[in-house]
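The chain below stands alone and is given as structure tokens, in the form predicted alone.
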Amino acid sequence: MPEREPDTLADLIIRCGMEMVEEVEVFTATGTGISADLKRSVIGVAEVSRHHALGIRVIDRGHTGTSGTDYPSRWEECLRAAIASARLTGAQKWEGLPEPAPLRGDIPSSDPDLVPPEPALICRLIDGMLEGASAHEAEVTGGGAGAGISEVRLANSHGIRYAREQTHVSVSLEAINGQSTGYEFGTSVFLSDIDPMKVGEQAAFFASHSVDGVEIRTGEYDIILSPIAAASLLSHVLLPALSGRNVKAGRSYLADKLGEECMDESLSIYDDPFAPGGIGCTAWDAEGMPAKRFDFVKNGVLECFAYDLKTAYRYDEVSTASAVRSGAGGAPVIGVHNLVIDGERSAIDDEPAIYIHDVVGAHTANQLTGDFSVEVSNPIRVEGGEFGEPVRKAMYAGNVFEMLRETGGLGSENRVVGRMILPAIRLNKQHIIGN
């Protein structure tokens, strides 16, 4: 259940700030983490980290200012900086910070098995990855494991006093065989979601299986994007296109397509802040709005865009509780909590295809048009549910929005990749550039 206990520091900041501005918002994040990095197959660096960050946002007659610090004892300087920055900004339409509201209480954002994070746990995770990697002929070149717990609090001058505990655990491994490399990772809120042996085994498998890849001719091929590869392309193109701010600024390919069937009718895309295992699980967004699940795309039809309060007020829209923070000192911006790609599932690797484990260069994709050209990592021919011969490195060129118009099916298993939850995606007749 989200707490509503008074935060003494936040109350003090709000009290002082209200003497000079109309509204004050205080965000704090405190936490502890343990991590270890591998140099080849031994731990090279291990550390315990602690953080305590403070962010302040003030609003006065439509002028907004923010400031942050890693030293909460310097809150007075931080408050003055926020007020000073508000005086430098232009006024925008503003209808007020939210007031306290009923919140959902069963949010899966913390794992008692990770409280507190222990050094022995990190050693077990690393040992598990190394054991898994030993199943294939490959050398471990790096990787690591980490776990942590943090508490985030939000308070504002309208009486909101929210808090939640968050845990996280992550593992990764890199391996090499000759000139062929492999990489795999896992991250979750829950320890039970992490299988270190599988992570190690998969990293070593891709390194060893990709040796002596065969040439591929330039042409049209059926492909399967792993959840990692799909998330890389979608996060750089689709997510910005769903932002209400980009829509109103004319920077979204989807801006004029509301209500249209612009994707495969089997696809649904929604933000679910309550999705089990999602790392963005929360009962409230970065501005204190009650979080909720909502559909961006339902059965291929574009139904809505994401809005925070600032954008919603400015353009007479309704906030979708989509405000997120990249850090305590940053202002809330439009984002997603757990973006889910969903639809009918099938055995998408029964028929011949090129499986693509990852892509390199997705950040160069054109966010407005959706065009991209990326290098593919660990491409392997697949048929009958089995991996076949490896393919020498190639390029994959296409358009994200056209790619989503007609998919060849979704895989049966979901995977958490950053703030996305999605399966592998089969795409037919895609352009692969080889020799």
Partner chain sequence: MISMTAPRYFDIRCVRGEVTHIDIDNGVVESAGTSFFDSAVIRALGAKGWGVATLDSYDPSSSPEQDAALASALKVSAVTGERVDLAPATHTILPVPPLREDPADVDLDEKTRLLSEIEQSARIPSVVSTRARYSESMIDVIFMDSSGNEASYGITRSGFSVLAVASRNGVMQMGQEREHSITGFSLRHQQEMGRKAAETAVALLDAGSIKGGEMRAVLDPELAGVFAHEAVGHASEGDLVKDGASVLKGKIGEVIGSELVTIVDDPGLPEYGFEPVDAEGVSVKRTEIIKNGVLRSYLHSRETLAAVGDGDAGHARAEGGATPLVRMSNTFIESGDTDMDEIMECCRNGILLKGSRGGQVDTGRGIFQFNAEYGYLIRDGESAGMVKDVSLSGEILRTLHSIVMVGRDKKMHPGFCGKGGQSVPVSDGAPHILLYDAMVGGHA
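Just so we're clear, the structure is a prediction, and the values are computed from it rather than from any experiment. Numbering follows the first chain given and starts at 1.
FYI, the form predicted in complex with its partner chain isn't displayed, but the following is about it.
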{"query": "Ala249, His363 and Lys393 each touching its partner chain in the predicted complex (heavy atom, 4.5 Å)", "finding": "yes"}
{"query": "In the predicted complex, Arg74 touching its partner chain (heavy atom, 4.5 Å)", "finding": "yes"}
{"query": "Pro116, heavy atom within 4.5 angstroms of its partner chain in the predicted complex", "finding": "no"}
{"query": "Interface membership of Val376, its partner chain in the predicted complex, 4.5 Å heavy atom rule", "finding": "yes"}
{"query": "Contact of Tyr162 with its partner chain in the predicted complex (heavy atom, 4.5 Å)", "finding": "no"}
{"query": "Stretch in contact in the predicted complex with its partner chain, which is absent here, among 196-204, 172-180, 150-158, 344-352 (heavy atoms within 4.5 Å)", "finding": "172-180"}
{"query": "Its partner chain: the contacting residue among Val214, Val318, Ala101, Leu88 in the predicted complex [heavy atom, 4.5 Å]", "finding": "Leu88"}
{"query": "Stretch 155-169: residues contacting its partner chain in the predicted complex, 4.5 Å heavy atom cut-off", "finding": "none"}
